[in-house]
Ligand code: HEC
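Single chain ahead, written as structure tokens, the form predicted alone.
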């Protein structure tokens, strides 16, 4: 049966329906439309990110004007010269002539003008974001970020920590209102350092020093990650930046400089009821947005609360975990100052209990998730060095009960 509608009718209609379907499906994620996700570039919380966002909007408005003009001309030409019948579709094209010189010159001039509008803030932005402005260099200081497969190490300079050799893993704590110049290094492959709400991404390149600078305008908790493919678990190589007011930052530095906390167990005390190792799906990561009662979690306040020891601790279980840390050879790769653990291959764990994440910023730092990471690191982050270079060659096997004890010990290291 012959359709009353010609084929030329269905093509644009099908395209419109496909586009509408894409919009409706994308609408399932409200943050997609509000652009307020953890790693959105549409929220600037520092001067570098603000400069980059401002340049983005300049480009958007210029290209939007071009899009409207070109779209209007295209719509006009489509309507005015469209085929009115099937016979018109097969008609010979009209004679082709040279374009109007004045129109062509005007288009070239408009294009150059649009490029000038974009290029001026682009050059200013490149100059501003390249390095700390001259007027602020006296107030800036360096922190070295080193990329590993798949986690980040942060080394603080002497003028911050008094020469105590302060090192953290996966959580970069900075003071508010001061420019931070981050030296970017890598010990293996190319990584890329990116904190979208504070600054754009810059690569960490083997055998080549690189750097960026950023600054937080107010206290906050910011998500970051590697933005350069670097191996099996690149997508789950994450970190956090925590910006604190100057007094809180000084208090944090003082606490981090201290040796690891000791929890004394009574002589002959036996551990209490041991929690079972929780069951998780292999790709179940996520970050809790609400407490059990449904109230929203403030990530910065959650980080502050993480600095405090748990209200109830099983000292005997912690002591068991501390002993296992030595017998399982964890100290061969990890440092715990004051506990006789000198390893340097893995993250410094002196105050790991005070961090909100473990496993390279992937898992929340809870006893359940920490025990999961210790028991099955190859399932959480495939190809990681903890398993491939530690567990396998040294024949390390961690039973579920041992993982729970180790997690209790590490959680106590505030």
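Residue numbers count along the first chain shown, from 1. Worth saying up front: this structure is predicted, and the values here are computed from it rather than measured.
One more form of this protein, predicted together with the named molecule, exists but is not displayed; see below.
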Q | Proximity of residue 325 to the named molecule in the predicted bound form, heavy atoms at 4.5 Å | A | yes
**Q.** Contact of residue 54 with the named molecule in the predicted bound form (heavy atom, 4.5 Å)
**A.** no
Q | Partner contact for residue 170 in the predicted bound form: the named molecule, 4.5 angstroms, heavy atom | A | yes
Q | residue 346: touches the named molecule in the predicted bound form, heavy atom cutoff 4.5 angstroms | A | yes
**Q.** in the predicted bound form, the one of 366, 39, 389, 59 near the named molecule [non-hydrogen atom within 4.5 angstroms]
**A.** 389
Q) Which pick from 245, 329, 190, 143 sits with a heavy atom within 4.5 Å of the named molecule in the predicted bound form? A) 329
Q: Assess the spot marked by 176, 201 and 224: is the named molecule within 4.5 Å of a heavy atom from every one of these residues in the predicted bound form?
A: no
Q | Contacts with the named molecule in the predicted bound form, stretch 376 to 398 (heavy atom within 4.5 Å) | A | 381, 384, 385, 386, 389, 390, 391, 394, 396, 398
